[in-house]
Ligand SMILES: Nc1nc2c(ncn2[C@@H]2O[C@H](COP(=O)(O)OP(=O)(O)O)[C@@H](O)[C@H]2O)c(=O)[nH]1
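As structure tokens, one chain now follows by itself in the form predicted on its own.
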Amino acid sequence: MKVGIIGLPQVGKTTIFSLLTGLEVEPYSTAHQKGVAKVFDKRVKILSEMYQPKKTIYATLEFYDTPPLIPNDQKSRSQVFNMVQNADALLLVLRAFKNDSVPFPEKGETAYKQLKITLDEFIFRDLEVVTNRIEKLENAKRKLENREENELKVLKQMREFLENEDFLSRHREDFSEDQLKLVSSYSLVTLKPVVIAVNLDENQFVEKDYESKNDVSKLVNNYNFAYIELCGLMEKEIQELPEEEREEFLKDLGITESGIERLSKIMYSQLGLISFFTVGKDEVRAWTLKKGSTAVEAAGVIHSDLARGFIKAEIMKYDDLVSLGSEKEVKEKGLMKLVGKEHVIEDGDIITIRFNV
């Protein structure tokens, strides 16, 4: 799953990317920066402590950083939106922190103004794409095929929402899956899940407040975006600490997880993903699966041979294993289940696939 990171100039977007992926990035690079981030999950750590495997593997998400989005600059807009067209979700970074040596983006002196500017750019981009396609279909010098007629109808409905400065993601229920497939090649950004990350300074983080927070909250709630506050500078400090000191540092702040850990989980959830686990002496691993997927689909995530030769899946719940202390106890309590192909996998299921190829 791919996440595109977007933000206006000087908001700390690349800092967030570096913290997520562990990659150092050229400050003013216009290259397509890609990196993989672990999805922090304490369940993996606990399972690893139980099984003492040779390898412990966390679920991951792929992030890519984009150049700063400069409003009214066609080259910048095209570059950024071309980079995120294949993203499954967007992470929009806003700046609340104050630093006299780093100016705020032009006309973006508050997080709310940055949010409004960026969302307007998203809407305007999609309106351009939709309008151009409508004009092309309407001016075609031939009779439209049924598929094109249906596409035109969908695009006109979408144009109406966009002209009212609305995000298409708020109106998904107005379109069937088949209708959305008709326009999938246009990679409409207002259809993608969005997470808003507000980059604070240390005082703002401790006080849990910043200028224009109420306005940001109202707009975020209105668009049904996910939301997180973090302090980029503090996150750097946290990552540089040894693990035992890190926990104490977080405790002093009154939190149990760093902002980057929370952010990776929020992105995971916003993408509609769950984790299931495989365990053993060789490896403890978290696997990524779309919510609502079946046992045979989970088998295919592990290896195509497991799906092809699927017989049954043996499933136990993470909570049962941890509370009872061993697989033996789980089995004796009758909590280990054998399920077929169509069984829906739930977050936290621990799976062993029985197969024959």
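The numbering used is simple: start at 1 and walk along the sequence shown. It should be emphasised that the depicted structure is a prediction, and the values quoted were computed from it without experimental measurement.
Not on display, but discussed next: the form predicted in complex with the named molecule.
At a distance of at most 4.5 angstroms from the named molecule in the predicted complex, none of the three residues Val129, Leu180 and Tyr186 contributes a non-hydrogen atom. Residue contact with the named molecule in the predicted complex: Lys98 places a heavy atom within 4.5 Å of it.
The named molecule is not drawn, but in the predicted complex it has no heavy atom within 4.5 Å of Gly259. Interface membership of Thr14, defined by any non-hydrogen atom within 4.5 Å of the named molecule in the predicted complex, is confirmed. Contact between Cys231 and the named molecule in the predicted complex is found at the 4.5 Å heavy atom cutoff. Checking 160-168, 251-259, 98-106, 146-154 against the named molecule in the predicted complex, the stretch whose residues place heavy atoms within 4.5 Å of it is 98-106. With the partner omitted from this view, the residue of Ala111, Met267, Leu200, Ala197 that lies near the named molecule in the predicted complex is Leu200 [heavy atom within 4.5 Å].
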